[in-house]
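In the block that follows, a single chain appears as structure tokens, in the form predicted on its own.
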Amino acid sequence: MAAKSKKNRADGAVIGLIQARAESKPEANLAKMEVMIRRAAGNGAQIICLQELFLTPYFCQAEDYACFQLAEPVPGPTTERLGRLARRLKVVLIAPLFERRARGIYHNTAAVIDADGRYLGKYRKMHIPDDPLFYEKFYFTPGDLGFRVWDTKYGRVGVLICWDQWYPEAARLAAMQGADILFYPTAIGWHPREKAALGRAQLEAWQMTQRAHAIANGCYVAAVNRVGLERSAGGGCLEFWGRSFVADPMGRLVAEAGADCEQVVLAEARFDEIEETRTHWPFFRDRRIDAYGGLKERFYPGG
């Protein structure tokens, strides 16, 4: 889709997702993102989301103390630079960054910048994985800001990050705050040795769980992934599978990127579809909030 006309917030918004290969240096990645953001805006995108930790290769493949030098404050120099770009292009930007909060405290964070260049706030990734080649607990403190949404010029957006996408509770709590669109900046891929046996199932599960969030919450879901083969100094290797997509409130794919190419994904989110879907599938009306106390337990076998 290449929508040229800007839409009013009341009608909907044009989503732009930036799927790219990682360059070795932060400055090169930032320069690439600026080019792709301009391309997206030129084709009508109004709310543009970048991939998880977009300034660097996915360094969490190995536990390396030197990588902490890649972190920066949020807000900070990158949000200031992107704020100027957002103001010039009149677009909302969601920018996932490696945040340095204090000595020894770091977060996997996404900054939200409005179309006038104002920094609106940040989301800190709540669920932190620790799997082979995804050693995020070494780097990131779990988020402590809760599940947040922001009113932007073009719509009310919620932001979650990668591993958060497997948790229906996170999507629900953001949707309950009125999010029109849930964004999931992501870095997910295969170990090349596993791709033949598990690749298709893993990809389908990743897409299916997020499409289910769109259905269960009657909102749009936009997931943006990186692409390409990345090797770490510690011998790790991940093939990021791309396939960034947007799903509508009925879970239908309205846009999807390829598996092995850099791409700007564009999709129109129509907010009247949220109203229509929630009216016909009134999941929020029928929730039994009196019966969900067990969700606060680690494991709740019932009785």
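Residue numbers run from 1 along the displayed sequence. Nothing here was measured: the structure is a model prediction, and the numbers come from that model.
Below: the form predicted in complex with a further copy of the same chain, not depicted.
Of the residues Met176, Ala233, Leu229, Ile105, just one reaches a further copy of the same chain in the model of the complex with a heavy atom at 4.5 Å or closer; this is Met176. Proximity to a further copy of the same chain in the model of the complex, defined as a heavy atom within 4.5 Å, holds among Lys195, Arg87, Arg100, Arg156 only for Arg156.
Stretch-level contact check against a further copy of the same chain in the model of the complex with heavy atoms at 4.5 Å: of 205-213, 108-116, 75-83, 89-97, the positive one is 205-213. Contact annotation: Ala187 falls outside 4.5 Å of a further copy of the same chain in the model of the complex, judged by heavy atom distances.
Using a 4.5 angstroms threshold between heavy atoms, Ile128 counts as touching a further copy of the same chain in the model of the complex. The closest non-hydrogen atom of Leu120 lies beyond 4.5 Å of a further copy of the same chain in the model of the complex. By the criterion of a heavy atom within 4.5 Å, Tyr135 is excluded from the residues contacting a further copy of the same chain in the model of the complex. The putative spot formed by Arg21, Glu27 and Leu70 is not touched by a further copy of the same chain in the model of the complex; no residue has a non-hydrogen atom within 4.5 angstroms of it. Contacts to a further copy of the same chain in the model of the complex (heavy atom within 4.5 Å) from stretch 257-286: Arg278, His280, Trp281, Pro282, Phe283, Phe284, Arg285, Asp286.
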